[in-house]
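Just the one chain here, the form predicted alone, laid out as structure tokens.
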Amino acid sequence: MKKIRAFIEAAGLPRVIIGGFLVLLFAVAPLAQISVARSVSDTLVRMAMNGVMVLALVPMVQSGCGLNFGLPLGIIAGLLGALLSIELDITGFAGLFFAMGVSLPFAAIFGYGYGLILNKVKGDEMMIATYVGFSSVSLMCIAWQLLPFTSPIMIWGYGGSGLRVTVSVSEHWLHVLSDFLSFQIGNFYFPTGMFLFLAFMCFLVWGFFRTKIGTAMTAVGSNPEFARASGIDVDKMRTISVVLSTMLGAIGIVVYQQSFGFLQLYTGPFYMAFPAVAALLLGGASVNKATLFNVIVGTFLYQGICTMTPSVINSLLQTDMSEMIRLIVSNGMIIYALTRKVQVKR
């Protein structure tokens, strides 16, 4: 009994409940005539699709800037890189990595300006980040109509102007990363390439936080006053973390797009930060501490819930509860983490 109680305290009651619910969904799946192998495969695919965007939240959390609700800035940078790749008609791995590479300068510029803003509003970062994220998406709704792209795949037909709401990547780099070294056994499909890339990005972040700058960044997040007294430029470290988070977000959305098959413009990026935040918190992170373990576990649990709930619940109850469950998981975990931080301060 003591071991069970210790496990619940270490893992956190919300994660135990949601993890148990996910296990229950997998157990009930055969009764609903749903393939468990296919469901596990779908969960892993969605985990790999979203993993880098969840990883993008870690630098800002570690530096004390809080949860990055301004992730749409990085997503916009990734969209710009992807559009330029399609405009120049670059296909395959070359097109995919061109999209990532071109997105990084945009992300660095956006992240630098974003970081300067957050340094002016210490203590209110998450509120301002949400505003920055939403306003940037609204601004880009105008820009997508004005940017001078000419590819017939992207612009409205019949002499129209402006970009389409969704742009297909099927003729350029659809699934090039997903299908790399992938394998399928019956109904189970494993996207080896995406997991290798996710592991590589995790390794880079892990290595970064063991450098002098990464250690200083963590020190700033743990105790900014002590870090300042030690000669660390607190604002500089915070800005670097925001730039890094934005750049990872740009790479993450390109990985997502090559698997999803479409670029989602206009209001598409509006709420993409919330699933990433919910996944990180679900993995055990807080608003001031996050690890790679939190990223992996949280992304799997969150995407597992999002994958299994519609199929199992809808099949058993003949109704659609998927959106309700998703909102409960996302908003409930965010509220839980914010409340826990207040309690620690008190």
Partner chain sequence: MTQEPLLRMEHIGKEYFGNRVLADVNLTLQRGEILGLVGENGAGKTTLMKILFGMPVIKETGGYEGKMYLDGKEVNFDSPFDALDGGIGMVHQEFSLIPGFSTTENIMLNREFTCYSPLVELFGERLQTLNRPAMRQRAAKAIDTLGVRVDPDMLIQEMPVGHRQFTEIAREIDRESTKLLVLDEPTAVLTESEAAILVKALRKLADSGIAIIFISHRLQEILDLCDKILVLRDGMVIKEAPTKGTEIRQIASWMVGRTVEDKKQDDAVRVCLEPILRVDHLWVDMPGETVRDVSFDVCRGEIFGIGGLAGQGKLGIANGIMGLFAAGGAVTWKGKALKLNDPHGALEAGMAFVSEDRRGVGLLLDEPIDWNIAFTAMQVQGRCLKSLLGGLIQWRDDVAMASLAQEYIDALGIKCVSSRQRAVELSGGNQQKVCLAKAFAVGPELLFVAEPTRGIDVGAKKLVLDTIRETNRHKGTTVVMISSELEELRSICDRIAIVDEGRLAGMLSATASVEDFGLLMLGAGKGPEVAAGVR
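Positions refer to the first chain, counted from 1. Note that the structure is predicted; figures quoted are calculated from it, not measured.
What comes next is about the form predicted in complex with its partner chain, which does not appear here.
*Asks:* Applying a 4.5 Å heavy atom distance criterion, does T218 contact its partner chain in the predicted complex?
*Replies:* Contact with its partner chain, yes.
*Asks:* Taking its partner chain as it sits in the predicted complex, is F200 in contact with it (heavy atom to heavy atom, 4.5 Å or less)?
*Replies:* No.
*Asks:* Would you classify G231 as touching its partner chain in the predicted complex, given a 4.5 Å non-hydrogen atom cut-off?
*Replies:* Yes, G231 lies within 4.5 Å of its partner chain in the predicted complex.
*Asks:* Counting only non-hydrogen atoms and a 4.5 angstroms cut-off, does R38 reach its partner chain in the predicted complex?
*Replies:* Result no; R38 lies far from its partner chain in the predicted complex.
*Asks:* What is the one choice in N187, Q145, N223, T267 with a heavy atom within 4.5 Å of its partner chain in the predicted complex?
*Replies:* Flagged contact: N223.
*Asks:* Could you check which residue among P105, G92, G261, G207 gets a heavy atom within 4.5 Å of its partner chain in the predicted complex?
*Replies:* By the 4.5 Å criterion, the partner-contacting residue is G207.
*Asks:* Tell me which stretch of 96-104, 209-217, 244-252, 71-79 has a heavy atom within 4.5 angstroms of its partner chain in the predicted complex.
*Replies:* The contacting stretch here is 209-217.
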